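Encoded as C-alpha cells, the following chain is the form predicted alone, with no partner shown.
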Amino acid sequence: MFEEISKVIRSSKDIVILPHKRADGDCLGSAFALLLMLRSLGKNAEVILEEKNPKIFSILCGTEPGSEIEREITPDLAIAVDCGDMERLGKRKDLFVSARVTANIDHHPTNTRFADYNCIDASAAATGQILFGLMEYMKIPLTKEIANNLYTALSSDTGRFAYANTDSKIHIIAAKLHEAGADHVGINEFLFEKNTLSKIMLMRDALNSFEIFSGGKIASVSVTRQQITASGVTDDDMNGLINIPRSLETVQVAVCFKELTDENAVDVSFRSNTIDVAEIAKKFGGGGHIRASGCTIAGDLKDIKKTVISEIIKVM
C-alpha cells in the first residue's frame, strides 16, 4: 500500500499538506506528524489550514508560527490528509489541483479517491494509524514529537481507545508511541476532560434542545448560529456535542445539528452502534464511517431536522 506514495514523496522537494476543513484531532495530529516526517527526510514541507491557529496546536509538535499561513506556492506534491473528498479541502482546492502530483491519505470508506495517488485504508481506526505504517515502511525514526502527534490522532478517533474501532493493532501502536515519549496524560486531558466556559455554555444550549424519537431509539441535539455566536465558541469547541444524545442508554442513532455561522447551512453529525450511518449521510451529500458520519445541508434548521429524522426512521 505504501510503495507508490513513498516513491512520490522521495522524488518530491516542495510538499504541502492539506487537512480537511474544520479539522479534528485525527486530521491535525496526522497532518503535523506527516510534516515532521517529511522534514526529517529533508523536504520543504508545510501544513496549510482552512481555519487558522486551532486550539489543539497547544498539544501538537511542529506547529511553529507560520506553518499554518497560506502563501503563493506551486508544490511538487500536495497531500490531502483525512479528507474524504476534494470539496472538504474548501478554498484550498485550487492549491491542491495546482500541484505537479497529488496524493490522498485517508481511512474513510466513502473516500472518492480524488488524487493521483490514493493511500486509503478503511480498516484503519484513524488516519494516524496509516501514517504510523507509512513511517515504519519508509524507515523514518519515531521521535517524541512525531509520537505525540500520532497519539493525538489515534486517541481522538478512538475516543481515548474506547470506541468499537479500537483493536489490538491500535493498542500496540499506542504502546510504541508511549514508549517514544508521547504525552498521553496531557493529550487525553486536553481532548476529553477540559472544556472552556464558552463550550459549557453551548453544551447547555444543546441539552436544552435534546429530543428523542422512535421511543428513544433516535436522539438529537441542535445549536443555532445565534447560540454559537453568543457563546463565543471556536471551531474546536464545537467538537463533542454529539456525545450528549449518544450517551442515552436506549439510543441507536444519535444526531447533532449545528447551524453554520458563515452560510445558510447546517452541519449534521451521526453516530450509531447498530446502523450504517454512512449510508444516511451519503443521501445528503456527505459520508464517513459506518458508525460515525456527517454531512452539510443547505437550508433551514427546522426543515433539515425534520427531513433527516424522517430518513433515519425510514432506514431503521
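For clarity, a rigid core is taken as the largest C-alpha set superposing within 1.5 Å between two forms. The numbering used is simple: start at 1 and walk along the sequence shown. Just so it is clear, the model here is predicted, and its values are computed rather than measured.
Beyond the structure shown, there is the form predicted together with another copy of the chain, which is absent from this document and is the topic of what follows.
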Practice problem: Have a look at M86, A122, I73, A164 for me and say which one sits with a heavy atom within 4.5 Å of another copy of the chain in the model of the complex. | Solution: A164
Quiz item: Only one of T143, N188, N239, T224 has a non-hydrogen atom within 4.5 angstroms of another copy of the chain in the model of the complex; which is it?
Solution: N188
Quiz item: Want to guess which of 99-107, 228-236, 135-143, 207-215 is within 4.5 Å of another copy of the chain in the model of the complex, heavy atoms only?
Solution: 207-215
Quiz prompt | Candidate site H178, I244 and S247: all three near another copy of the chain in the model of the complex by heavy atom within 4.5 Å | solution = yes
Practice problem: Decide whether A174 counts as a contact residue for another copy of the chain in the model of the complex under a heavy atom distance cut-off of 4.5 Å. | Solution: yes
Quiz item: Does D94 reach another copy of the chain in the model of the complex if we count a contact as any heavy atom within 4.5 Å?
Solution: no
Quiz item: Does the 4.5 Å heavy atom contact test between T196 and another copy of the chain in the model of the complex come out positive?
Solution: yes
Quiz item: Honestly, after the rigid core fit, is T234 moving at least 2 Å at Cα between the shown form and the other one?
Solution: yes
